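First, one chain by itself in structure tokens, the form predicted on its own.
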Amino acid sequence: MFSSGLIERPVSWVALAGFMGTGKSRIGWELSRALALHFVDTDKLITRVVGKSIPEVFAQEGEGYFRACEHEVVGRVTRLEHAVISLGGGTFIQEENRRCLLERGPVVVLWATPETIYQRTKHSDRPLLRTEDPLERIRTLMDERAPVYQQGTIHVHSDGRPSEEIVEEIIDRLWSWADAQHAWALDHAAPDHTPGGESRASD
């Protein structure tokens, strides 16, 4: 579909969403390399703009301020070209963010089991997991967010799989998505018609 020099790619912009610990940053970076696109991690972008770590933002400014920063960053990354965007775990949950992202391009949602996510995040300083039972907290949050994550364009599981295999699946499915978009556009490119039923082209 899109090409740059000798690189042929299914899309020139794609976002990765999903719960914390599903591999968005790692897979996003490797996907950007495979597609020869820029890589942007929205959480890292927020920390650069605000000048504080995310735990510091939560502690000093509150979650509401952090979500406002997320919304601002979504506005920026949806204006980018030739980019793979890794979203924070809660970014896609916000309705306005979700609408903007889905209007911009495909959103790939990565999935993993609560147990896998716990193993990947148990030594992190993530504010939402500062609780006596982080695994139960993960299960609860995932149950709450799952119906929203289901609104993503493409869904891929990351449990127990090498990153190369996950990236390959994402690219294959992006090609299928791009082909379907192209076919839909062709099907809906019928000539404009006057109210009387005659094509304007015959006027």
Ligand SMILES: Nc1ncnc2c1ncn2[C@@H]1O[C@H](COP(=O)(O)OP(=O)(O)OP(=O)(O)O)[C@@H](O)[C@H]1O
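Each residue number is its position in the shown sequence, starting from 1. Quick caveat, the model's predicted, so the values are computed rather than measured.
The same protein also has a form predicted together with the named molecule, omitted here; what follows describes it.
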Q. Is S163 one of the residues lying within 4.5 Å of the named molecule in the predicted bound form, judged by heavy atom distances?
A. yes
Q. Does the named molecule get within 4.5 angstroms of any non-hydrogen atom of M20 in the predicted bound form?
A. yes
(Q) Please determine whether H71 contacts the named molecule in the predicted bound form, using a 4.5 Å cut-off between heavy atoms. (A) no
Q: Indicate whether the named molecule has at least one heavy atom within 4.5 Å of a heavy atom of R126 in the predicted bound form.
A: yes
Q.
Between R99, R76, H82, R120, only one gets a heavy atom within 4.5 angstroms of the named molecule in the predicted bound form; which residue is that?
A. R120
Q. Of these, K52, R139, R33, R26, which has a heavy atom no more than 4.5 Å from the named molecule in the predicted bound form?
A. R26
Q | Non-hydrogen atom within 4.5 Å of the named molecule in the predicted bound form for each of D43, G89 and S158 | A | yes
Q.
If you apply a 4.5 angstroms heavy atom cut-off, which residues in 132-154 are near the named molecule in the predicted bound form?
A. none
